[in-house]
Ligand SMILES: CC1=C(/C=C/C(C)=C/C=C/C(C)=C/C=O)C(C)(C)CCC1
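As a starting point, one isolated chain is supplied in structure tokens, in the form predicted on its own.
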């Protein structure tokens, strides 16, 4: 597993032409822009957790049947400080660091107050957000970094706190048809009140006839929800939206603010202040977008941990939402670098299996319904909502599929009725299973998750199509619709593939989304990293993506220290 998780990756600053086999559709023009951790050791120091690694951006620029690849580390303040010191000096969620390696418990105390609510990292390694005409690398702190999507150059740093009071924010915002951005963050101890803040960023801003003004300066608070435990807010990674509602899960995977306030002086990571409380409930908050207020009915379900919402929509007076749920927080534990070793398959066996689950909540309460009765009358799901009191409902989900993560959909169906989920299949089991390689149409032995697959799951028929190849690890599959497409699955699936086989080059996979047959792959002789999330920019500047960096940018790059391979 060291080849996937343990090694620092080298940058590919100049665009490198990929070797294409098969045929890329002529209409596919644009750039697949991705983000993820690429450097886990600096000098003689090492991060504790894979999610702490320094952000490495990479892109595949596609046009005229050709593909060009490039990668570049995000030049965050965190990256620059670490590289200059030749060691980790900025703390990440799973790794506490100190600027002065000689600090002892007494000198730490002098810095205690400044770290009560910490100034978090700007190592934006999780996703890419589109805001107006601009693109930003994002993480789960209050910082985002503007980037050039063609050259991957790092531009200005943005602090959400200058515009809205949040200390943390998700890397999975939603976009409406006009391009407005909707996101949610946590405001920690704001005048003694910890709350979840839903905020909106306009797609465009025009004042006094002037255009091109920064939308970020015009973000507004859409709604706020008080945390049920003021000193222990919920962790969350995403949320759901429908055409009229917002779905937020307050789960019993919670941060202890008092422990976080003393983490620096105690020399422990902020991750140690996060705990799963299996005796608690998961609360389902439904916010009406028209009134900007939460629905008064209290919905809850069993304890679980959710990183990714899939989609949500309304049907016959009910709100349905699909999520990837875990029974506990063991997934986060699995990705400590100490566990990503030769015993990974054995360690993963102890990890909760991700399950695609569907919940349904009634948008209107039947006051005449008896206690214990099911308020969901839909024939499309077996999910139930059991009335307990006049204003309290217990929700039981429908299990749709076990063993998938990193879900994506045709985003044109976001918030609406939909049928297909595209995801990476993971079984967390060292027991051999049989997969089907759509390339050869023959079964091959698959030791999940070291030979993961891409899956297309049909919610309507409960059937699936899969693509897989021995020793391959697929990244999150991204759906790109065919121009003028009418069918939900009429398009292309793109996924960056890395391999545990050092003799196999990484490649960009191009699948027909309808049949899941391979159309092409674009192989590149580089040290590609396993990324997390990203997006496709249609019709991006093809020539700019092919061009090398300017002389000035090459000179700046030469002056910087590039991460060594370890």
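What you see is a predicted model, and the numbers here were worked out from it, not measured in a lab. Residue numbers count along the first chain shown, from 1.
There is another form of this protein, the form predicted together with the named molecule, and it is not shown here; the text below is about that form.
- With the site C-alphas superimposed, the ligand pose in the model of the complex sets the named molecule onto this chain such that no atom is closer than 2.4 Å to backbone or C-beta atoms; an open site results.
- Using a 4.5 angstroms heavy atom cutoff to the named molecule in the model of the complex, all of 139, 168 and 270 count as contacting.
- From the list 385-393, 466-474, 89-97, 366-374, the contact stretch for the named molecule in the model of the complex under a 4.5 Å heavy atom rule is 89-97.
- Taking non-hydrogen atoms only, residue 47 never approaches the named molecule to within 4.5 angstroms in the model of the complex.
- The named molecule in the model of the complex comes within 4.5 Å of no heavy atom belonging to residue 265.
- Remark: residue 274 counts among the residues lining the named molecule in the model of the complex, judged by a heavy atom distance of 4.5 Å or less.
- Taking the partner from elsewhere, residue 121 is found to have a heavy atom lying within 4.5 Å of the named molecule in the model of the complex.
- Site annotation in the model of the complex: the residue of 537, 526, 532, 520 reaching within 4.5 Å of the named molecule with a heavy atom is 532.
- Taking 259, 358, 254, 237 one by one, only a single residue has any non-hydrogen atom within 4.5 Å of the named molecule in the model of the complex, and it is 237.
- Within 4.5 angstroms of the named molecule in the model of the complex, the stretch 481-518 places no non-hydrogen atom at all.
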